[in-house]
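Heads up, the chain below is alone and in the form predicted on its own; it's given as structure tokens.
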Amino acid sequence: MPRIDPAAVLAQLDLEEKASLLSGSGFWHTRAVERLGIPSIMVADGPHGLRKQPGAGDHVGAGDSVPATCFPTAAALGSSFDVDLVRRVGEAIGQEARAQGVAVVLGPGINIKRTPLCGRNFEYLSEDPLVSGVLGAALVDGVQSQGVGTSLKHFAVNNQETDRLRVSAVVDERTLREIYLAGFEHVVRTARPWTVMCSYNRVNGVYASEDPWLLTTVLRDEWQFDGLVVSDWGAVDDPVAAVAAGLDLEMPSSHGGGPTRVTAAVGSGALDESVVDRAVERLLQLLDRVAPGTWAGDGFDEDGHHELARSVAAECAVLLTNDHGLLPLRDDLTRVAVVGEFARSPRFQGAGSSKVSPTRVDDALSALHGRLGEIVQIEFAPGFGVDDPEADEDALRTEAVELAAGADVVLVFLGLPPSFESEGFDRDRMDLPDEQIRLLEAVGGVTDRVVVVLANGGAVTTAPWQHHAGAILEGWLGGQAGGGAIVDVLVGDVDPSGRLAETIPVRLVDTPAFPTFPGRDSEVVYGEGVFVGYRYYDLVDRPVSFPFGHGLSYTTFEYSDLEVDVVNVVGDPDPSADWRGPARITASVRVTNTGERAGKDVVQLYVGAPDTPRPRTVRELRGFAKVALAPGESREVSFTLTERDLSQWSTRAHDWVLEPGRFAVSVGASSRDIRCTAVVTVEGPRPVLPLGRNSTLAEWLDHPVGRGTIEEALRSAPGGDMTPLLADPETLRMLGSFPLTRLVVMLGDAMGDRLVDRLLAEVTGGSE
């Protein structure tokens, strides 16, 4: 495809042609203008593997798609905490997209896991915006390194499937900035995705597709996004309002409806043609960007990608428990019982628009036979049916118990059936299916050598049944090679190095969003604010089954020699980090493999501000690194924290604000397994927050200029000196919360007419 000069081509288009380009052609293609050589390009789903549909196709996944490598889903990738590995997955997906002539891969999805019940959580990376942002950027980097675009999604605050095309997420400004926008900001600023996909939902009452604050003020003006904004499929309610807000491409085709309305709006003067020009130029820029990479026929290394998928899945598996060293499986085993239909019929991906047609599928049962079959007797019982209402659960359970009774170890494969989680609907419970729990209880009644292997996209509760399991291995939805990868971990060929990117609570009712999810009357209130996931559990010290960041290894690691220094570096030497502000703190810690096996650990850096009076989490993840160590090997791991890493969003300043003071810098193996902590002091001027007509007396007194101004006004009040009000602590405490405008009314003429306006003019120079 030839390169395009956007400005030159734009000048030759008439209004109808411009408007036509702002809506797709069919489900998967942009519209062409043949007379000017403007081509149509193809986009395709692909968060964890390419889903290219031949022909007209459909968005919901009902139709077939061409074979492609199905990599572990995002729920698994998040647990890898491995930036380089995730980037390699992106590179492989980009290669397969290019081989199929796909110009843009619709992913990755980096929405926050506000609740474990979101039916699409398997497509999202974490409950933490740093993990989502860093790993999301790695995926974008990997795909786009192959000359194929990405579409960062779903922008923004898309955290449930219930009523997803209408629901309004009611979220305060601080929560938006610190939790739900932070991951997107990181990816946009550091990886520069070629497109961003807006979500279906409304944000504080405004459809994301029509929100100028979201699509223009934040995304383009603040974050300097220079790509194209595309709608999620069917997300546009009003195409004219969408274009005016900053949406560039409506998908899929609106069959002429959108372009007709846009053309009419320009004709009536309701929409300036320059706004249309701007959107068209962005589309032409995308066409120019993808031009060098959009050709089919290169092919890809199918075997190599399958092996990559296997190694990635192994890195994502999380060993939750391992009592009495049940894992790795001993060399002297003679009889292994394998129970659970998922061992034979693996559940390896989610349902909906991300569903891949895999090039092949490995199952754990076959992989076990291939790895141990010559020396170990392996017997299998399905134990339960998967989404099979006619399955005889009693008979299946009886067969499994008889098999388990005489085995050296029992591997029980459990998980969520496809009917339990998918795009399009949310879960109503966190538990495993009842028949699976009954099976595990029965097996646990005849042996205590039980290993549970889980296959699920959303987190499941373990508290009701984990006492029946000596070891629990969370495999997530591990992609087409997940069966072999699980066996690699079970037998010890691979050390388990996955760590939880989301908290596993004891009960669903313990989750912070439980009282408000999924809302009612097309509105959901994010009442928990910034206290999402571990931020909430750690703040209230609520028991959890497994904390954020948790994961065991077959070896052990020791942390020592934590050194933390406060520095002030003007101009961060890392260009990708300029937006975060100057470096403030450096931290280093020594990690040592104290066991007898090689292994990998995820070193996690948390920051807390113990003296901050405002509501603040106990600790927040501010860095992580995955390190591989041989037995006895040590390595120093270093982190740099910037001003942004130490700041909170201020709704008064509408900006990030750093409060000087003490900061606790901690390094650990989870949010609740803190190994080393150092408390340092960051010095500097206190932030000066703006005053306005609604500012309280306390806020005026806290302002470096406002205090003197208000004291002088009270001293020279027409009714006499009123500064004694400020000397009485009880009176000051009572009156401090009053906005000054109301206090003036209460005190009447004693404070003078139009006092607040005059004082504001003195403090602000005439403007609020």
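Predicted, not measured: the structure shown is a model, and the values here were computed from it. Start at 1 and count along the sequence shown; that's the residue number.
Another form, the form predicted in complex with a small molecule, is not on view; read the next lines as being about it.
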**Message:** Using a 4.5 Å heavy atom cut-off, which residue among 98, 164, 289, 186 comes into contact with the small molecule in the predicted bound form?
**Reply:** 164
**The single option of 106, 157, 139, 148 touching the small molecule in the predicted bound form, heavy atom within 4.5 Å** = 106
**Item:** Distance check, residue 397 to the small molecule in the predicted bound form, heavy atom within 4.5 Å
**Value:** no
**Request:** Verify the contact flag for residue 114: yes if a non-hydrogen atom of it lies within 4.5 Å of a non-hydrogen atom of the small molecule in the predicted bound form, no if not.
**Result:** no
**Request:** Considering only heavy atoms, tell me if residue 645 and the small molecule come within 4.5 Å of each other in the predicted bound form.
**Result:** no
**Prompt:** Quick one: does residue 663 come within 4.5 Å of the small molecule in the predicted bound form, counting heavy atoms only?
**Reply:** no
**Request:** Work out which of the listed stretches, 536 to 544, 187 to 195, 231 to 239, 492 to 500, brings a heavy atom within 4.5 angstroms of the small molecule in the predicted bound form.
**Result:** 231 to 239
